[in-house]
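First comes one chain, alone, set out as structure tokens in the form predicted on its own.
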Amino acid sequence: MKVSYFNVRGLGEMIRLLLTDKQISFEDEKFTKDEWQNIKPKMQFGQVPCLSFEDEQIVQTGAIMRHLGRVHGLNGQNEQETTFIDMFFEGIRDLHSKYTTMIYQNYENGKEPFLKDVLPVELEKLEKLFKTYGNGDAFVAGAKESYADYALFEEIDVLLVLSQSALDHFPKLKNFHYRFSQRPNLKAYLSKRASLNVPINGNGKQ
């Protein structure tokens, strides 16, 4: 199994986190923007991240995460949970889209308005939804982790780089971030990632 993505965290990181935490062996193929020009024609839709098995490719971040969720039992215990996880994941993706628009199109002038006007509203939505199962004291869908938890952790970890106080008014999300960071199979990975200072985004802004 191989994960192919740029040499940044970006959209590939939630996939790496899931595989690392579940101790699923994979090759972590990373490349530069210049190298991408030769790789792009080989990818479905000309896109990454890509999860590949021999001659099979899966692209589109959501498709990859849902595939891993189904295969490794991280997709809920019933249809209600599965749909909730799917919905929560899409909510995270909506926030990420607003984040990347600011990062890539309007960082200098857009960062402060994003932190003041956009982020609190979006995090309030996630905080409220996170309390649906078990009052938000465990994972997105209750007692068992799902693929959406890896997306949520990476998203709020990125936001804490943008602003260390991002979660100060969202105790459930803040507690989740701490607890998830202490998972034994992730702790060493996160420590190594920090020591290597792996960039979050492709333009160096974060």
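Given the structure is predicted, the values throughout are model-derived calculations rather than measurements. All residue numbers are counted from 1 along the displayed sequence.
There is also a form predicted together with a small molecule; it is not shown, and the following applies to it.
The small molecule is not drawn, but in the predicted complex it has no heavy atom within 4.5 Å of residue 69. Mapping the unseen interface onto this chain, residue 41 falls outside it, with no heavy atom inside 4.5 Å of the small molecule in the predicted complex. Contact check for residue 151: no non-hydrogen atom falls within 4.5 Å of the small molecule in the predicted complex.
Put simply, residue 131 is far from the small molecule in the predicted complex: not one heavy atom of it is within 4.5 Å. With the small molecule left out of view, the stretch that reaches within 4.5 Å of it through heavy atoms in the predicted complex is, among 156 to 164, 22 to 30, 135 to 143, 46 to 54, 46 to 54.
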